[in-house]
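Quick setup: one chain, the form predicted on its own, written in structure tokens, and binding and motion questions come after.
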């Protein structure tokens, strides 16, 4: 979990990371989230700041109307995250604070749109490649939510036949099964029998000329190019910002993506493919910006 106290002008007054206790189950994850929010509020107060709003962003499918979240990786199924947050904040003595609950990738995309690699665009995409894959889609100047369902590009099928693997979502052959950072490490180990320290080590092996790393990487690149071409055909972004753990590969990732998309498109508008600039803080900063937007909106309505 990435946490911060952020001022109205975007200055980060305090930042920290905390472990997500996924191995202990969904309830433990939620309790860790609640205690983090309460403790950060207490820290702000102790340092003489007034908390105006709270922004919390999580993975999964968010039902904005009911404030519930479904996230396989966190073992949440219809979990009432917003209601639990509101109860925890009230119990801590702050019942009037507005709370924004949003999707982590959309929040990251919002931060990149406001202050990062997507600034100045009206049709663009933020695509972090990390433990999973999801997209923040900017269409005609608006960040698309789709009632909490939009942007799950990682759960589109791009692998067919015997090569298709079972995804955590229940489908076979999803983009996420071959092109996420987690998939690279898992598939390299499955291919070689050698355990690696995440996607970072796979990329190091690739740079060193390891043929198995190259084979795993090529499957990922092919699927990613297919996904970007499909998205470009449907939505016509002018810029695509790639983020997440895999962006550490730099041009080893970006240049083949640019070349692959360029070779495939015919009539489509070709997007600029760049690295996201806010790194692993994008979601956290986006959560803060969304919270400030809510605070400003509520102040105007008073």
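Here the structure is a predicted model, which is why all the values come from computation and not from measurement. Numbering follows the first chain given and starts at 1. So that the term is clear: the rigid core is the largest set of C-alpha atoms that superpose within 1.5 Å between two forms.
There is another form of the same protein, the form predicted together with a further copy of the same chain; it is not shown, and what comes next is about it.
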Contact stretch among 232 to 240, 271 to 279, 52 to 60, 37 to 45 - heavy atom within 4.5 Å of a further copy of the same chain in the predicted bound form: 232 to 240
Proximity to a further copy of the same chain in the predicted bound form, single hit among 145, 189, 73, 131 (heavy atom within 4.5 Å): 145
One residue of 153, 220, 100, 213 in contact with a further copy of the same chain, assessed in the predicted bound form (non-hydrogen atom, 4.5 angstroms): 153
Residue 265: touches a further copy of the same chain in the predicted bound form, heavy atom cutoff 4.5 angstroms: yes
Residue 137 within 4.5 Å of a further copy of the same chain in the predicted bound form, heavy atoms: yes
Partner proximity in the predicted bound form: residue 114 to a further copy of the same chain, non-hydrogen atom cutoff 4.5 Å: no
a further copy of the same chain contact at residue 157 in the predicted bound form, heavy atom, 4.5 Å: yes
Large Cα move at residue 201 between the shown form and the other one, threshold 2 Å, rigid core: no
Rigid-core frame, C-alpha of residue 256, shift of 2 angstroms or more between the shown form and the other one: no
